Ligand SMILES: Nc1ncnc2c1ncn2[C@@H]1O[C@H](COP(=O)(O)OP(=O)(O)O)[C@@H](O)[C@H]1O
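Before any questions on binding or motion, here is one chain by itself as structure tokens, the form predicted alone.
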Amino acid sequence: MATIFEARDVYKHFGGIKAVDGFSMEVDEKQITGLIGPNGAGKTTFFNVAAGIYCPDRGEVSFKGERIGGLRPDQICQKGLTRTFQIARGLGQMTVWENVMLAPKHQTGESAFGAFLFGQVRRQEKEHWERAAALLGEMRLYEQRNEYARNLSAGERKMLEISRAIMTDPEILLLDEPTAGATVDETKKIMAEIERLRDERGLTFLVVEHKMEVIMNICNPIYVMHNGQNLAVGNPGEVQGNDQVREVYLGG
């Protein structure tokens, strides 16, 4: 299976804090790869480097064989890599519909000449509307389409954020704690949707998550990060059986 995302000896320091300290990983296409580690291990900083929020101090970050380290987040998103955040960033004063309709790339109406291409703008908007309707149906959010995002439950806000990310036409999604704040039932639904999106849409996922039932049930392989470095990598059984992992993360 081809590698779609790769990090090699990535460093990101903030003064004397070595947030990411020579971390390496590979993500194969159409897989759900997990990234775990104790609080402060450097996972979110690494995500920020991968998505272009931070520029790596050293090392290489590649997507589909092209170096992307140092590109802006919008440039990386245009190439097909999109991330979500630990705290869902839905626009609370906008409806579910409006949130997902913001996301598609290359919207003619956003250009300086869009006002002169009214027919094209209308056709494109109709296409986006139909895509959004189908996606919200798949994600079980269609009934809430006219609801303000601020009124959704934590799990629904997570599903909305994933939906908005999918509307950017990604090839890989970096999900930062996609079930944070979700109930047990909502967590199960989110897990099922991630697997469905991998199986039906061929999407690739890199998932940071603290809930072990999520990581161990849907992710393979799993990378373990500690102090900004690689601690272990393997399938769920290998990670659970690793003495170092149990000592620093899984509680002995």
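The first residue of the sequence shown is number 1, and the count goes up from there. Worth saying up front: this structure is predicted, and the values here are computed from it rather than measured.
The same protein has a further form, the form predicted in complex with the named molecule, not shown here; the description that follows concerns it.
Proximity of Gln31 to the named molecule in the predicted complex falls outside the 4.5 Å heavy atom cutoff.
Proximity of Ala19 to the named molecule in the predicted complex falls within the 4.5 Å heavy atom cutoff. Among residues of the shown chain, Phe205 is not one whose heavy atoms approach the named molecule to within 4.5 Å in the predicted complex. Looking at Gly40, you'd find a heavy atom of it within 4.5 angstroms of the named molecule in the predicted complex. Stretch-level contact check against the named molecule in the predicted complex with heavy atoms at 4.5 Å: of 32-40, 186-194, 213-221, 56-64, the positive one is 32-40.
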